[in-house]
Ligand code: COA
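A lone chain, given as structure tokens: the form predicted alone.
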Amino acid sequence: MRSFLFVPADSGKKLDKAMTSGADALIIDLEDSIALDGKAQARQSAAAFLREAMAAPNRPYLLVRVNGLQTGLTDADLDAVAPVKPDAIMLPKAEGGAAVTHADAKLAVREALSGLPDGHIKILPIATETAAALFLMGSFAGASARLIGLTWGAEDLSAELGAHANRDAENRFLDPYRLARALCLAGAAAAQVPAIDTVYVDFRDEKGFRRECEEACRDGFVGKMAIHPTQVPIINEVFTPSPEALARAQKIVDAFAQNPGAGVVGIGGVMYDRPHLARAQRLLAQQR
């Protein structure tokens, strides 16, 4: 999955429009975009939408961003949406693997009550939204079989740090958030799951957004979250490997297959070693 589009759970119009946005995944939001006094109604709206959308042909992957475990609202969120079988939940303010294990247990109970197979609903944590979470990025490995990736966030983190800004005048992340970004990449690699890049809030800045997508793809992220439908086509374009890149990766894989004992192979005068093979295999796997 390349593109993950946030949609407020209380806006039927936006939810319906999102289904035709071209996003690979929709994140139905019960957290930041919903005021506290609107949570109960938003849960009902999310459940009603999911009940219909899950049966739609060629639908996107459907996640629900629940409220964080620290809020005391997670149980009510899960009670509302688990019975309608979303593909996954997004777990905000996840502080390490222990938070994922906790959410796993909550989901297991609700799956049993709803007659769902154990492990049906997956988990995608936002792993850098608190200062404590940064010190726990290596703990997601083995936390739960439900874990389908890691993503990160800068807005809540900047608030906790007391920062005046998280980006510079050119809309590039400042050092504390670049650290969080790098830790997300490393944590995802350690857990052997995909890394998904965070949002770019200035959706009118197409040039800056494209640059950030390209840098994320270069560094190892496989997709990016979006806050507006206009960002989806750019994400899909940037994170779709070019035919040339796929052909080059296939040549590397084929060369090592023909020389299974080799540590290095030569193709067109260029030497490739085992790390190049791993990258080529990963790139090809994204297309399957």
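For every residue, the number given is its place in the sequence shown, counted from 1. All of these numbers come straight from a predicted model, not from anything done at the bench.
This next part talks about the form predicted in complex with the named molecule, which is not shown.
Contact with the named molecule in the model of the complex, defined as a heavy atom within 4.5 Å, holds for exactly one of Val222, Ile227, Leu69, Ile234, namely Ile227. Residue contact with the named molecule in the model of the complex: Ser45 places no heavy atom within 4.5 Å of it. Remark: Arg204 counts among the residues lining the named molecule in the model of the complex, judged by a heavy atom distance of 4.5 Å or less. Contact annotation for Arg274: none of its heavy atoms lies within 4.5 Å of the named molecule in the model of the complex. Taking the partner from elsewhere, Lys17 is found to have a heavy atom lying within 4.5 Å of the named molecule in the model of the complex. The stretch that touches the named molecule in the model of the complex, counting heavy atoms within 4.5 Å, is 25 to 33, out of 55 to 63, 25 to 33, 249 to 257, 235 to 243. In the model of the complex, Leu5, Phe6, Val7, Pro8, Lys13, Lys14, Lys17, Ala18 are the residues of 1 to 21 with at least one heavy atom within 4.5 Å of the named molecule, listed from first to last.
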